[in-house]
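A single chain, nothing else alongside it, follows as structure tokens in the form predicted on its own.
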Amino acid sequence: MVDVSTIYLVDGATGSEVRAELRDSIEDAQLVDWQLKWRPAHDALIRELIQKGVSRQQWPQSSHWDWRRKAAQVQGLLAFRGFCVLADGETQGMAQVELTKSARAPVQAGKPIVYIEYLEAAPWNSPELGRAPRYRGVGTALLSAAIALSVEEGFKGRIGLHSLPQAEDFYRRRGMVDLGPDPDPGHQHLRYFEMTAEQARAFLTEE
């Protein structure tokens, strides 16, 4: 059974609170939204960026992610979990996490963490081209879900992830430790971030 929690996002235009759902699963409805709504929105955004002469380096770096393939690769595997945020009848964000990784930061090296494989907000929730996102708080809600899962699993809130360059400041602002570029070519030298148990408690208290 899918666990559903009520959360609140912020309307990007008015600043008012918007009731939403956080669900601890990525179901077929989310993959349909990704295919029929997210992908066309990404395509339209990229066409506009091309028309405006924006360099490829500034295009959304997660726009090539195939969520249907990602979900199929881990289907039935207990070490992987999914989360999604729903509002206004649409999928506003998704995250996929893994439970088999260990921490790297010196203060917690070797201890189990919840590792965030992928985290993405719907394209209309990203502030591209100077536009206000439709909803703010989607990424933070998914990060909170990963921390809560870490607590539930006995990992005390510890999480880790490799960040796309465009998202690095987001994770720094959430108090995560920047451990620098990963030398492993398999991670494309992306910067690796972790959150300690103490930072997780502070994050949850603030949120």
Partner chain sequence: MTAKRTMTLNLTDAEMRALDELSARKDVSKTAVLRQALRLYQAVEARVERGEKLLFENEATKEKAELMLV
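In this text the structure is predicted, and so the values were computed from the model without any measurement. Numbering follows the first chain given and starts at 1.
Not on display, but discussed next: the form predicted in complex with the partner chain.
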is_contact(Pro106, the partner chain) in the model of the complex, heavy atom dist at most 4.5 Å:
no
Taking 4.5 angstroms as the cut-off for heavy atoms, does Gly180 touch the partner chain in the model of the complex?
no
I'd like to know if Glu27 sits close to the partner chain in the model of the complex, meaning any non-hydrogen atom pair within 4.5 angstroms.
no
At 4.5 Å between heavy atoms, is Gly76 in contact with the partner chain in the model of the complex?
yes
Heavy atom within 4.5 Å of the partner chain in the model of the complex: which residues of 87-104 qualify?
Leu99, Thr100, Ser102
